[in-house]
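Presented below, as structure tokens, is a lone chain in the form predicted alone.
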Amino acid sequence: MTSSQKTESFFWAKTYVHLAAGLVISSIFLLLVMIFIFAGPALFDQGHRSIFTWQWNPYQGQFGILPMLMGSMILSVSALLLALPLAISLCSLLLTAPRRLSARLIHMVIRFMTAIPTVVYAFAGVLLLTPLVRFSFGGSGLSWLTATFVLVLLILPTMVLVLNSGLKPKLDDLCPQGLAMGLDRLDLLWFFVFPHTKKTFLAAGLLGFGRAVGDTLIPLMLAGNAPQVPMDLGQSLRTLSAHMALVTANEVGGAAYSSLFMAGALLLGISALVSLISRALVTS
């Protein structure tokens, strides 16, 4: 290939990259504009109450989405609080006994879990977990607790893999000197790696939270979808993503339909904030 041909190929490759980047940026900008244009009537229309209230009752002109916002937050945080200790424990096992058969088997299962569709987790929860929760706590079994358990299974593989990729290089660097001093891999991990990897823990937690807050099928199929703030784990709740799926299937136009776009804007804002913080932490 001659020099002029290389220059021409580089020009077309550079043009293609710029066009692709411009297309992506334009699509995101148009998406944001569309969301805020359609959410405008819900914000500025004086014919119905503000959407930032605690009551959702379309038949009485009440379109408050705060119960759904609260439902998304408490469900995601509760799943994160359960998943983070499990992820740290599993990651510790993978790092301290990498050649043990149980560790290799767990690693294979963790990787396999990342490929399971969300709807499979949700169906397994409906068939296997819901009867158990119904027997233990009464009610229908579709509750905050049921959705939390299944969300833990969903976000756990992501958190384990993020922790493993962040902690393994540090532990491997310390092993030659540490093992020569009589310490084992668990000592090195616990006393020397963990105290200096707070950003890795935070990044894993934020990625798990982002995955939980953006999921739709598990809350839709397992949380009961009552537009309320639950007072205990046996009560139902509705998340923003499940609320959007439910109302979209039944409403076209009107105040309820407009409120969906504000719910989408809130969900997009939370996901974008979590993604930016996680990216900044991982990069630093």
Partner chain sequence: MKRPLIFHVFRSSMGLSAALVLGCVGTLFFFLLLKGLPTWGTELFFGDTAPMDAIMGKAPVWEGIWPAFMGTLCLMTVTMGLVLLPGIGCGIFLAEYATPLWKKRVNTAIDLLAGAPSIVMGLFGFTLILFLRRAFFPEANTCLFLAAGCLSLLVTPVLVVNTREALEAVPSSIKLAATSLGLSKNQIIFCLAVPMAVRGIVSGSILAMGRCAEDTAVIMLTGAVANAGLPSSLWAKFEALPFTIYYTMAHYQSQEELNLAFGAALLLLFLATAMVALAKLLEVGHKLFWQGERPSVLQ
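The structure displayed is predicted, hence computed values, not measured ones. Rigid core here is just the name for the largest C-alpha set that superposes within 1.5 Å across the two forms. Numbering follows the first chain given and starts at 1.
Keep in mind the form predicted together with its partner chain is missing from the figure; the text below concerns it.
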Practice task
Just one of 51-59, 240-248, 226-234, 66-74 has residues with a heavy atom within 4.5 Å of its partner chain in the predicted bound form, so point it out.
Solution key: 240-248
Problem - Proximity of S89 to its partner chain in the predicted bound form, heavy atoms at 4.5 Å - result: yes
Practice task
Verify the contact flag for I35: yes if a non-hydrogen atom of it lies within 4.5 Å of a non-hydrogen atom of its partner chain in the predicted bound form, no if not.
Solution key: yes
Exercise for the section: With heavy atoms only and a cut-off of 4.5 Å, decide whether L202 touches its partner chain in the predicted bound form. Expected result: no
Exercise for the section: Could you confirm whether F137 comes within 4.5 Å of its partner chain in the predicted bound form, counting heavy atoms only? Expected result: no
Exercise for the section: Within 4.5 Å of its partner chain in the predicted bound form, which residues of 11-25 have a heavy atom? Give them in sequence order, or say none. Expected result: A13, K14, Y16, V17, H18, A20, A21, L23, V24, I25
Problem - Large Cα move at G269 between the shown form and the other one, threshold 2 Å, rigid core - result: no
